[in-house]
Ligand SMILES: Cc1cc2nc3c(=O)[nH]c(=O)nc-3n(C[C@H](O)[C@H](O)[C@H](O)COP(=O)(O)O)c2cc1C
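Shown next as structure tokens: one chain only, the form predicted alone.
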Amino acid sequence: MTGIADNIDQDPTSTIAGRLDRRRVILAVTGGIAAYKSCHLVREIIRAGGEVQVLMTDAATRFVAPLTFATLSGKEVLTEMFPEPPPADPIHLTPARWGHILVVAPATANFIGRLAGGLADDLPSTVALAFQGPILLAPAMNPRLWTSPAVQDNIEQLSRRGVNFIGPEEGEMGGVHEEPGPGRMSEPDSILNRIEGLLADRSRWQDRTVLVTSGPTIEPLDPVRFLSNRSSGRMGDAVARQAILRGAEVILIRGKAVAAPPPDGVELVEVETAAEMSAAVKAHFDRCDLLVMAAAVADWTPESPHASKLKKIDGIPELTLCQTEDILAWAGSHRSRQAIVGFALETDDHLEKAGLKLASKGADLIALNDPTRPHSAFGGETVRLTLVPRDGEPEELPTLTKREAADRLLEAAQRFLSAQ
């Protein structure tokens, strides 16, 4: 196992290739049953390309053995203020200099109170006082503790000092006989997302506004039936989130059928039909520097939706469809400074059809997707895109998570923004 001082002089501002590539996370684990979730958090940080140095309170070691965290992180777990033999540098200053972010998960009521009071009577609390980077606390405690005035006063005090909080969530507690309520520690993937956000370089697009469409449209046949598609909205949401992490102002126009919560920090506009999505794009188009049309907009809509529910007893209804407006083509013909990215979903003649769409819509870049290929189907976590620019050769990306693909897409769109 490596020591904490390894790579301490590494440049924290260097360009990262992954979510947390080369970012160094100090994880302080305090004494609560939710400590088991922090094992999963360590694994997710490592998978995201980060490094983790785990600190544990004495109480935390009663819930999870230090060996578990040492095995998952590849680093010796630090627990003692005065280890033997004593190190050359003060033990509490070494991790404080090493880390890019300090995360406390779970953060108990006791730890929160000690930090608010400026106490430093063990290694994690001393490191927290010495640390000068962003601090993220993930509270976990019984609802009675969480709602107590003392804990809430401590939360307010730390928030005023710039300490960040995530959660707690509401739900069942770890103990069999505990009542449900607010106090559950946030899930590891949510904490990882927040870590990424706190470490993101938000200076790159801080003067840009990005307009993103996401999810499916719904075209009603009658009050209870509709025409739609299999889009999950994950790709558009990923684009919106990566633009937020770059510092952009993001307007997300999203179909109401998307079940997932929207990314933090976006201006959300919810729509149902293709006509509503078109109107929303037109209303916000002048504000944006980049339009990314990731939504799966219906090409046709019923000409005359029925005002009441269609009855089987009335026989098979006649269905007449009319074409919806081409939002991407409208944007291409009405743009001034805007860069435009469209998506093409093709099952045959892929590059030929993507090239025709690129030229006919007036876009700068087309993200081509074939849903019949493995790892690229509707609703999945991964996608395999081919980026077709107006001024160069197509670039076929490997199979990536939608977050990774969104990041590559925005990188490709960067030069069209720079040319404005």
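All residue numbers are counted from 1 along the displayed sequence. Treat the numbers as computed from the prediction; the structure is a model and nothing was measured.
The form predicted together with this ligand exists for this protein as well; it is not shown, and the discussion that follows is about that form.
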Q: May I ask you to state whether C39 is within 4.5 Å of this ligand in the model of the complex, using heavy atom distances?
A: no
Q: Indicate whether this ligand has at least one heavy atom within 4.5 Å of a heavy atom of L145 in the model of the complex.
A: yes
Q: Would you please decide whether I33 lies within 4.5 angstroms of this ligand in the model of the complex, comparing each non-hydrogen atom pair?
A: yes
Q. Does the 4.5 Å heavy atom contact test between V292 and this ligand in the model of the complex come out positive?
A. no
Q: Spot the stretch among 39 to 47, 360 to 368, 389 to 397, 55 to 63 with residues whose non-hydrogen atoms come within 4.5 Å of this ligand in the model of the complex.
A: 55 to 63
Q. Among the candidate residues H284, R114, H306, R335, which is the single one with a non-hydrogen atom no more than 4.5 Å from this ligand in the model of the complex?
A. R114
Q) Taking this ligand in the model of the complex as the reference, which of N110, N193, T79, T324 has a non-hydrogen atom within 4.5 Å? A) N110
Q: Could you run down 137 to 166 and flag each residue that has a heavy atom within 4.5 Å of this ligand in the model of the complex?
A: A140, M141, L145
Q. Closer or farther: how do the Cα atoms of A138 and A238 compare in the model of the complex relative to this form, given a change of at least 3 Å?
A. closer
Q. Relative to what is shown, are the Cα atoms of P262 and A35 closer or farther apart in the model of the complex, where the gap shifts by 3 Å or more?
A. farther
